[in-house]
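Before any questions on binding or motion, here is one chain by itself as structure tokens, the form predicted alone.
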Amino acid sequence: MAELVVKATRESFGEALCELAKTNKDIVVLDADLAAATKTSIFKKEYPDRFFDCGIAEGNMMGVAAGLASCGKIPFAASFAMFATGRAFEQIRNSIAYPKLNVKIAGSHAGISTGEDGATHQCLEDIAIMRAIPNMTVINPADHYEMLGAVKAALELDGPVYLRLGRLAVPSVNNNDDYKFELGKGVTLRDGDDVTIVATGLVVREAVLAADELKKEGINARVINIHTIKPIDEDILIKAAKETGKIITFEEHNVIGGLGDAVASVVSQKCPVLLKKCGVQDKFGYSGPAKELLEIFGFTAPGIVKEVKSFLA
């Protein structure tokens, strides 16, 4: 088994950029005066001549990224998810996605696990915003290993990509030695035929722990990790729908427009089954310790166990 790593995916992102930049001279990194937080500072230290601090001006940063991409560079533009996707929406849509330029957008500090920064910074809408933009690929890695693979896959894909980064350090779940990240492919982490739990991001590990607890009570839950939300793996979802008959989704995001809606769209058209969406129920977060907020919003194993048992009942 690979080493258990407890690390925030934003840090894994910074490390991946540095490693890939050793052999790819076209990688450049842009940040909006948040390099210490997004961990692009790791890249800045190693490659200062390929790093550009655009200041607190995300819209302008995306325009600069578009220009660099049009000249053959591969820009990674990073900021907090709230500002990267919210403040710069128009520039992403019209200057990057419309001409299908090769820009990679990194949204850090997404979800309620941003913690004490509170509702203004706890972006719960970024997946929905990015999913709605044509030509955009949306990836939400669950842990260190998945982020390393996701950054490499984003680099190899010719076109715009949105990468969701987390603030909170989380234990890795993809510790198998043969782990391989495949863009657009879901991963079955636990087998079961009573119900399917579909999760994304940091909730994935908690879903696995929840499935192990449920098994002790005689409930065999299948757990699917959906790291690529667009394009989503339809085959794995249809197979799960046919074989378990019930699907429950978990995401550290608004239930409107995120993973749950993406899964529901596939299942309702291809294999209708009973489905429940669990996440932030169309409201803002609030300031507090990240781990406590995750418990309050039901994103820990006990909360998932409770929701699954209620769903089955």
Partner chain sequence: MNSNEKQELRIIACKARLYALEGIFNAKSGHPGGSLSAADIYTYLYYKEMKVTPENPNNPDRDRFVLSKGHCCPSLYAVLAMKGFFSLEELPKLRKVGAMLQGHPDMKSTPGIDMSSGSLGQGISAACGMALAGKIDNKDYRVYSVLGDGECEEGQVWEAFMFASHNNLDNLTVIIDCNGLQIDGTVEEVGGLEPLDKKLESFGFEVFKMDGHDFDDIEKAITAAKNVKGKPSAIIAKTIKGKGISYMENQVNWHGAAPNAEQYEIGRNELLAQLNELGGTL
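Worth saying up front: this structure is predicted, and the values here are computed from it rather than measured. Numbering follows the first chain given and starts at 1.
Omitted here: the form predicted in complex with its partner chain. The next part is about that form.
Among Cys278, Val28, Ile42, Val267, the residue placing a heavy atom within 4.5 Å of its partner chain in the model of the complex is Val28.
Residue-level contacts in the model of the complex: of Thr188, Asn94, Asn175, Asn220, one residue has a heavy atom within 4.5 Å of its partner chain, and it is Asn94. Heavy atoms within 4.5 Å of its partner chain in the model of the complex belong, among the stretches 230 to 238, 198 to 206, 144 to 152, 84 to 92, to residues of 84 to 92. Under a 4.5 angstroms non-hydrogen atom cutoff, its partner chain in the model of the complex has Asn60 among its neighbouring residues. Residue contact with its partner chain in the model of the complex: Gly67 places a heavy atom within 4.5 Å of it. Tyr98 belongs to the set of residues with a heavy atom inside 4.5 Å of its partner chain in the model of the complex. In the model of the complex, at least one heavy atom of Lys73 sits within 4.5 Å of its partner chain. The partner is not shown here, but in the model of the complex the stretch 36 to 55 reaches within 4.5 angstroms of its partner chain through a heavy atom at Phe52, Cys54.
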